[in-house]
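Only one chain is included here, represented as structure tokens and corresponding to the form predicted alone.
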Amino acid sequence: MDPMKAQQLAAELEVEMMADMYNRMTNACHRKCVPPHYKEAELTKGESVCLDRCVAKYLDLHERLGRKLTELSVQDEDMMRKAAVGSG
């Protein structure tokens, strides 16, 4: 595959994944923090605080998972390299 095409595909996939993460976060935090029947047009202070905390936790967890998955991927690549060197 052409390197430029691969880079473009990776960028498109990243945008798609970020949009999916944003949608999941929005839905999860809305369900958790905002009651289904609105009493006021604006968010209450409690709802705002809940949403802030929910989003912060969601993004923190997403960052931690990303770091762990990258770490595991690097370990897998190292193991594959060592296996290839050992068998060759």
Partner chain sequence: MAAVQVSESDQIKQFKEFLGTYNKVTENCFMDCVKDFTSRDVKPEESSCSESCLQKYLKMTQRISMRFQEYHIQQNEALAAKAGLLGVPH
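For the two forms, the rigid core is made up of the largest set of C-alpha atoms that agree within 1.5 Å on superposition. Residue numbers count along the first chain shown, from 1. Note that this is a predicted model, so its numbers are computed, not measured.
Beyond what is shown, the protein has a form predicted in complex with its partner chain; the following relates to that form.
- Proximity of residue 80 to its partner chain in the predicted complex: non-hydrogen atoms within 4.5 Å are absent; the residue sits far from the partner.
- At the 4.5 Å threshold, heavy atoms of residue 70 stay clear of its partner chain in the predicted complex, well away from it.
- Although the partner is absent here, residue 9 sits far enough away that none of its heavy atoms falls within 4.5 Å of its partner chain in the predicted complex.
- At a distance threshold of 4.5 angstroms between non-hydrogen atoms, residue 18 is in contact with its partner chain in the predicted complex.
- In the predicted complex, the residues of 46-69 lying within 4.5 Å of its partner chain by at least one heavy atom are, in order, 47, 48, 51, 52, 55, 59, 63.
- The Cα shift for residue 52 between the shown form and the other one, taken after rigid core superposition, is smaller than 2 angstroms.
- Shown in the overlay between the shown form and the other one, fitted on the rigid core, is a CA shift at residue 42 of 2 Å or greater.
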